[in-house]
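Presented below, as structure tokens, is a lone chain in the form predicted on its own.
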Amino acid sequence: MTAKIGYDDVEVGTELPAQSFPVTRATLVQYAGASGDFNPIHWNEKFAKEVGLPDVIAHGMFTMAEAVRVVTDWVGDPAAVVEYGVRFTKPVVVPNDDEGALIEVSAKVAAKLDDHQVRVDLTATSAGQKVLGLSRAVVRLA
């Protein structure tokens, strides 16, 4: 695969299509199985509350991965992401109901770099709170 977005076709300020990602307790159990992260704060409400959390929370790496999907869907090639980092600012609280939580992600090109690369800044929120800070990806475009 190669990036389907051309470097010359974007400018600083170009907005990527925003996306929303639903998260349920079932999603967390599936992620735990795939990642091997069975920390009970991600599936056991009683334990999560005993350690001071408001409820079960989504895995940080899961939240990070969902957010970068906005970038990989836009560019068309996950391998085009050459650098990605975030700071975890608030947890994604996932209630035990039919709806769960929603991670809402927007992004825009913040800088054009050398070698057909751009820096994309992402904003990820859940329940009206920013859940990732300094969320940035460097992407190599066509």
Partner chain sequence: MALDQSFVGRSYPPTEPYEVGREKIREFAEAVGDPNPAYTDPEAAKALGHTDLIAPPTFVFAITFKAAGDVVADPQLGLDYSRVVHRDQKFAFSRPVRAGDRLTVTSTIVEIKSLAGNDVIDVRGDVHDEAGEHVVTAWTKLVARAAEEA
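None of the values given here were measured: they were computed from a predicted structure. Numbering follows the first chain given and starts at 1.
The discussion below concerns the form predicted in complex with its partner chain, not included here.
Student: Do A111 and its partner chain share at least one heavy atom pair within 4.5 Å in the predicted complex?
Tutor: Residue-level check for A111: no, no contact with its partner chain.
Student: I'd like to check something about V86: if you look in the predicted complex, is any of its heavy atoms closer than or equal to 4.5 Å to a heavy atom of its partner chain?
Tutor: Yes, V86 sits close enough to its partner chain in the predicted complex that at least one of its heavy atoms falls within 4.5 Å.
Student: Taking heavy atoms and a 4.5 Å cut-off, does Q30 contact its partner chain in the predicted complex?
Tutor: Q30: yes, in contact with its partner chain in the predicted complex.
Student: G76 versus its partner chain, in the predicted complex: is there a non-hydrogen atom within 4.5 Å?
Tutor: Close contact exists here: in the predicted complex, G76 approaches its partner chain to within 4.5 Å, heavy atoms only.
Student: Taking 4.5 Å between heavy atoms as the contact cutoff, choose which of V81, A48, I103, V93 touches its partner chain in the predicted complex.
Tutor: None of the other options qualify; the answer is V81.
Student: Heavy atom within 4.5 Å of its partner chain in the predicted complex: which residues of 41-70 qualify?
Tutor: V51, M61, F62, M64, A65, E66, V68, R69, in sequence order.
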